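Presented as structure tokens, the chain that follows is alone, the form predicted on its own.
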Amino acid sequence: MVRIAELSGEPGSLALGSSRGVGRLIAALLAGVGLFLILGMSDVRAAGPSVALDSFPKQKLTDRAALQNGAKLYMNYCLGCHGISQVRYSRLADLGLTQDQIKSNLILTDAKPGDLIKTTMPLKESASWFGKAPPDLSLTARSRSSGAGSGADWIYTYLRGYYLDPSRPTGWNNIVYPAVGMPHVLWDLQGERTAEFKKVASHGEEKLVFDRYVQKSPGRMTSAEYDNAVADLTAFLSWAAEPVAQTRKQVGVWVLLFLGIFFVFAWRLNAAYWRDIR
């Protein structure tokens, strides 16, 4: 047991026992922080998916055309069930869209530009239809981050991980999210495909792991076109999770540059000040 402090000196005073005690205290605190970080990372990795995540093309995050296309896909295919209620329609102007473009192309209900982007699906009924109410996706790109990859990697792989499964109520399953309740809403773009699994020995036991997909019928997009569309949609959801992320990073660079220049002036001023005193 580490002794944090002991009584010494005059009665009623509390002081650290010795420099050795202080060293032990610091060592104990560092060990505790290290253990917390290790356990925390272990929990994050354990919460990650059982399959390797594909890398989301990060250049999409600064591509306005991609973000605009992602917004269009979201409004047409996702908003019927999932809202992004932390973002207002008017905020889409940050993607390079005018108010007229937002009202004409992206507001598909009687909502106003200043309204939050909410789904019209009733929560109680949707819970009985799907077994669980479809979640709001405002922070999905952040909450799905794990040791296996970023939240964007998770979304990008998830939307490309659907396959036909007659045993499921919707007829679809997902490699990233097994026994998923959400149907494959983008199936007309990707087409229909099945998944093949193979047996792999692990710790003396055999288990089935994903091997490959087999395309059964084509969609309206080629495989490359679908991957690109999903990347655009993922970029939009990443933007929705933190619309000021790119601005924050740009400001951060300027702040660091300012602090670096200020440090040089402060260091020289400090040296000149103490030279006169000494």
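Model, not experiment: these values are computed from the prediction. In this text, residue numbers run from 1 along the sequence as written.
One more form of this protein, predicted in complex with a small molecule, exists but is not displayed; see below.
Interface stretch in the predicted bound form with the small molecule - options 87-95, 184-192, 110-118, 201-209, non-hydrogen atom within 4.5 Å: Looking at the partner contacts, the answer comes out as 184-192.
Contact test in the predicted bound form: residue 77 vs the small molecule, heavy atoms, 4.5 Å: It does: once the small molecule is placed as it appears in the predicted bound form, residue 77 has a heavy atom within 4.5 Å of it.
Proximity of residue 169 to the small molecule in the predicted bound form, heavy atoms at 4.5 Å: It does not: once the small molecule is placed as it appears in the predicted bound form, residue 169 has no heavy atom within 4.5 Å of it.
4.5 Å heavy atom contact, residue 163 and the small molecule in the predicted bound form: Output for residue 163 is no: heavy atoms all beyond 4.5 Å of the small molecule.
4.5 Å heavy atom contact, residue 180 to the small molecule in the predicted bound form: So residue 180 counts as contacting the small molecule.
Every residue of 130, 144 and 233 near the small molecule in the predicted bound form, heavy atom within 4.5 Å: Yes: 130, 144 and 233 each sit within 4.5 Å of the small molecule in the predicted bound form.
Of 102, 175, 148, 81, the one that lies within 4.5 Å of the small molecule in the predicted bound form (heavy atoms): If I apply the 4.5 Å criterion carefully, the residue I get is 81.
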